[in-house]
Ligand code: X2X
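Form predicted on its own, single chain, as structure tokens, below.
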């Protein structure tokens, strides 16, 4: 009888100790993204949420909130809201976090990566190299737990006026850009008139002719029906837009060590999936091969053909044409090196040089 009582008391004690950790799990965790769920960005976030739910047997439910709902349209506030716990998880653009993390402007240095012999290899070298580790440290030092890199893609240009092949073609054009001083400086250097605008307001501005053009990754154009308003696409890779899978530190600490390991792995897998979606038909074929391997091939596998079939005219710049834009924006790159941090920029240059040939 004493043994039975002792076992009963031990079981009660174990339940009592376990109760706080179980109670800490929310019914729903909110995850923030900017665009719709039909974009590569949205699909990458949903894939992450689905993996976590499946692998936790439904214990951890992450709901993706598209359209900057959780930031009430103010996408550049996203980092602060994750840090203070208003938002639990986020898959956010490095651009939107750059107002609080100047280091993330590295990816928005004009033509910094586009001028490399192999831009995708150069980008991967940065993320996986010394510069990537410096960026992750900067994120976590500012109070947000980093999980994985994803990718929104190299940012291309669309407009309703004409094909853009030279810097002179941009003279005086009103171009919507995100709320980043570096983007404003870049387009002013090219002779354009940049207009700072949240994405939630952008499509209405385009429809009403308030702006002549905008820049975003090519995978976003068709889902938002950009072809209904803009005829011209310039494929110039001028900056790139990695995304960051992150979580509030207190939310992260509330998970068991086992669940943390599972969530980390899910974020890394979702990041690879999102990268492949962003690069499909634009790289050497590796993206499509990976998506075929994991049985996740999307409906659209050729963005240039899709946009051309929808009536858009796609101009892909030659290396010589790209250099003309790079030369025009060189003073901007030089000025922002010191703002971002010379050590970080040099580390990125060394990372890229390792795969440059």
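Numbering follows the first chain given and starts at 1. The structure displayed is predicted, hence computed values, not measured ones.
There is another form of this protein, the form predicted in complex with the ligand, and it is not shown here; the text below is about that form.
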Assert contact_stretch over 115 to 123, 93 to 101, 142 to 150, 188 to 196 against the ligand in the predicted complex, heavy atom within 4.5 Å, equals 93 to 101
Position in contact with the ligand when the complex is considered in the predicted complex, options 279, 127, 230, 176, heavy atoms within 4.5 Å | 176
Here the chain is shown alone; which of 88, 241, 212, 156 has a heavy atom within 4.5 Å of the ligand in the predicted complex?
-> 241
Give a yes or no for residue 41: in the predicted complex, does one of its heavy atoms lie within 4.5 Å of a heavy atom belonging to the ligand?
-> yes
Within a 4.5 Å heavy atom cut-off, is residue 234 in contact with the ligand in the predicted complex?
-> no
Contact flag, residue 75 vs the ligand in the predicted complex, heavy atom cut 4.5 Å = yes
Answer with yes or no whether residue 45 is in contact with the ligand in the predicted complex, where contact means some heavy atom within 4.5 Å.
-> no
